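Only one chain is included here, represented as structure tokens and corresponding to the form predicted on its own.
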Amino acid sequence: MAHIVFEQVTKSYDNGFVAVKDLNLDIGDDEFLVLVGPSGCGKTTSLRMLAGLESISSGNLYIDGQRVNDKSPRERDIAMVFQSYALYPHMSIFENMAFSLQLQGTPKADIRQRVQAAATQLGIEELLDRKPKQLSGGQRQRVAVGRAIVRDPSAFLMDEPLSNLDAKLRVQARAELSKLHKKLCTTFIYVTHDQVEAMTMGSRIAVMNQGILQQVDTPQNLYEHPNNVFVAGFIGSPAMNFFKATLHPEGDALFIKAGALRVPIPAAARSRYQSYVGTPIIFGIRPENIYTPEYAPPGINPFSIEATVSVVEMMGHEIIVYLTLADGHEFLARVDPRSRLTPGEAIRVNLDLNRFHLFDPSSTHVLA
């Protein structure tokens, strides 16, 4: 297990591009931390700095309290699993998994025992005599993980290891990696651009954008309490709906007005937003917090609005419906698959007023 700390870590290049800026991140022993964000956000660069494959421009990086900025990858006691798997095509699976141990001068009997144990954990015992070209993508992914396991490192670093798998295999592999983490009780740091992978695998998620850490929290807290517009829009699929709006008082009531949309603030939350009356805001609500009235669950705080159905996407377990307000603003809802919806139809849907978010359009931060 490894306790890893990024302290004001920055990576910049000679051309002035800053890939990672002032990264502060504390990763605990036995944690499964996922770095997630769009392409170019700095997540892989952060992982490579931790692995020793990229130099650090400024700041400090600690593993178990020891500063490792100038230590070689071999001295850091970590193992990395790459997107490409990087298996040697001329070697058998056994030889691929044993190679790093051979370089370390590990006794042959110990190598065989460790390779066999890792292969058994991953269910690839029968593949040890084969060559990589004889394996499927999912089997190669397991071999790449097994090659890391045999080293018994203090931390596993994984750079989008599932991106070459088809959709069905990715779901299976996600579950296998989560089980493996629990079995090994070792620190996992996993990079992906796929927020579904992040939500289903991570004990905590670090969301990055343009080289800057946006928020670190558990999957549930990121989903329910995003710090800003970027996190709110990135976490969740389909993404959160956003409306440019203002807050207007009407007697004792307080309303969100966004074009044709007029939504009351619940009485319990009015004092929280009173100071923002008359100023521009962003109103956000997730598609899954919008319901067709006949299938709205108990316990929500419904507010009914009218919209026109534009597109209906039947997903089997749910329907994704594109809706348009009278002013032309389009938004999405995830509704019960029993709902009967037709493009061009005018319908009423319920917004759950227990589940909305307001943001400052200038800073993009959530309104406290």
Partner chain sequence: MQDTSNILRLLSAISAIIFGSGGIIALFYVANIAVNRLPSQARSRILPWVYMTPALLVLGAFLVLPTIRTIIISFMDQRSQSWVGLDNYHFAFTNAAMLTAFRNNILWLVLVTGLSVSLGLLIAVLMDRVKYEPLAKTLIFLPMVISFVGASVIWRFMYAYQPPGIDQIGLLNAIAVSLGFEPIGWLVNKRINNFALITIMIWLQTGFAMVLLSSAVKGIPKDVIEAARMDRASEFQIFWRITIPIISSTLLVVSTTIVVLVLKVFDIVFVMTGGNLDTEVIASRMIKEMFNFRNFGRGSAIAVILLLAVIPVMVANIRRFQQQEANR
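As the structure is a computational prediction, the values presented were derived from the model and not from experiment. Residue numbers count along the first chain shown, from 1.
In what follows, reference is made to the form predicted together with the partner chain, a form of this protein that is not presented.
- Although the partner is absent here, F243 sits far enough away that none of its heavy atoms falls within 4.5 Å of the partner chain in the predicted complex.
- In the predicted complex, at least one heavy atom of R151 sits within 4.5 Å of a heavy atom of the partner chain.
- Contact between R286 and the partner chain in the predicted complex is not found at the 4.5 Å heavy atom cutoff.
- Contact check for R48: a heavy atom falls within 4.5 Å of the partner chain in the predicted complex.
- Proximity to the partner chain in the predicted complex, taken as heavy atoms within 4.5 Å, picks out 92-100 from the listed stretches 92-100, 196-204, 245-253, 292-300.
- Contact here is defined as any heavy atom lying within 4.5 Å of the partner chain in the predicted complex, and by that definition not a single one of L165, H181 and I189 is a contact residue.
- Among A267, C185, A86, A175, the residue placing a heavy atom within 4.5 Å of the partner chain in the predicted complex is A86.
- For the candidate set P132, P238, G138, P73, a heavy atom within 4.5 Å of the partner chain in the predicted complex is found for exactly one residue, namely P73.
- Shown without its partner, the chain has no residue in segment 200-217 with a non-hydrogen atom within 4.5 angstroms of the partner chain in the predicted complex.
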